[in-house]
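There is one chain below, alone, in structure tokens, taken in the form predicted on its own.
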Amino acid sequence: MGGWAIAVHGGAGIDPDLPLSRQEEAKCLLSRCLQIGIDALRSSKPALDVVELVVRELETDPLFNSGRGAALTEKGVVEMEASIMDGSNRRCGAVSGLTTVKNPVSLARLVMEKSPHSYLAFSGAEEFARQQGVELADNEYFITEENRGMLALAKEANKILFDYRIPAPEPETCGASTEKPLQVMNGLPISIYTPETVGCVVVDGQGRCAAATSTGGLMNKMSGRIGDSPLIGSGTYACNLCGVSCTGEGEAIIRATLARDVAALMEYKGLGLKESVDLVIRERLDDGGLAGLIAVSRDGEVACGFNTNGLFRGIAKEDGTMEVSIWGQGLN
């Protein structure tokens, strides 16, 4: 074993003109979350506890798209989802359609540990949350004025906005004014691609891996839409070899079972962590599918991969390595 390691992300695909102030805010939050994880690992907390602690912090801060500050559905409400997985025994828990639970990742863990199931959604998940006594809040707690404004813009443009904090590009003009979409999702045009799902992966000092992912989904999404984040094997996966958390175009990640494929390449083909991450980003996504992921191995390795122009990410290792970054090459 190569010692403990941790990685955290806040979404893949970033506007190249993102204001420096926003970049610094993101880096500060990622650094704070990394330090929470580092302190827990130095105190010999197991990997599962650490990923929950870190993602809870990300859900509490409204900067990224999870918990407070989550994206709004077409009906103007928040529907959150999350998952968590313990690689030492491949137990997992997931939740979707949450409207009142302050920390979806913790409810996902309770589904894993306190229910006979792996996945609960909507009214059933909310009822389970009340039974377990988790902290609840009115839906208004999760909604920011910024998001209300972005939803209004999305409705006016009749679009699903991936990054609801970045305005859509100006339409190209050549004679008549026509807009050229930058991307399509399931064949439908979207304006710009920059989701801000959050996630954390950890290997502890005992070589145990864990992963957790949490999101509010897409701005102006259909009510009831479920993305990749709560789907074990797509947005989140952990086993005795590695832990993986994904972010990006949920529908493409679902089709590719992206997180599980990293582990499968290590398990069945004997590839290393970085080689596996690069291969799935390069070859497993459909043409035009955009995504990023973070991963750790039981040997204390850390890898990040993305085919977007950036990934909000931070890594730290027991040997003292610590880095928080946004830009750079997604593939070696």
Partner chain sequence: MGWAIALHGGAGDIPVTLPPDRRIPREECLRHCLKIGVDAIEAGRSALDVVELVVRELENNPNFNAGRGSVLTSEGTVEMEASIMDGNTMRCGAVSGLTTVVNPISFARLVMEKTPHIYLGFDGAEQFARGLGVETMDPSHFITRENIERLENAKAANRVQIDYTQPIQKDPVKEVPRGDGPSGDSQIGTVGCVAVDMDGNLATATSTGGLVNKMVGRIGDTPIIGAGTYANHLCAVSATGKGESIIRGTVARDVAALMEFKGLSLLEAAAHVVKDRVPEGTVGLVAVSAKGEVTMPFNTTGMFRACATEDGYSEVAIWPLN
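Just so you know, these numbers come straight off a predicted model, no measurement behind them. Residue numbers count along the first chain shown, from 1.
Quick note: we don't show the form predicted in complex with the partner chain, though the next part is all about it.
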*With the partner chain left out here, work out from 289-297, 64-72, 263-271, 33-41 which stretch has heavy atoms within 4.5 Å of it in the predicted bound form.*
263-271
*Is Arg91 close enough to touch the partner chain in the predicted bound form, meaning at least one heavy atom pair within 4.5 Å?*
yes
*Close approach of Lys45 to the partner chain in the predicted bound form, 4.5 Å, heavy atom*: no
*Would you please decide whether Thr99 lies within 4.5 angstroms of the partner chain in the predicted bound form, comparing each non-hydrogen atom pair?*
no
*asked:* Within 4.5 Å, heavy atoms only: does Arg284 come near the partner chain in the predicted bound form?
replied: yes
*Of the residues Met85, Val198, Val244, Ala82, which one places a heavy atom within 4.5 Å of the partner chain in the predicted bound form?*
Met85
*Select from the listed residues Ile226, Val77, Leu153, Val134 the one whose heavy atoms reach within 4.5 Å of the partner chain in the predicted bound form.*
Ile226
*Could you list the residues in 24-63 that come within 4.5 Å of the partner chain in the predicted bound form, counting only heavy atoms and keeping sequence order?*
none
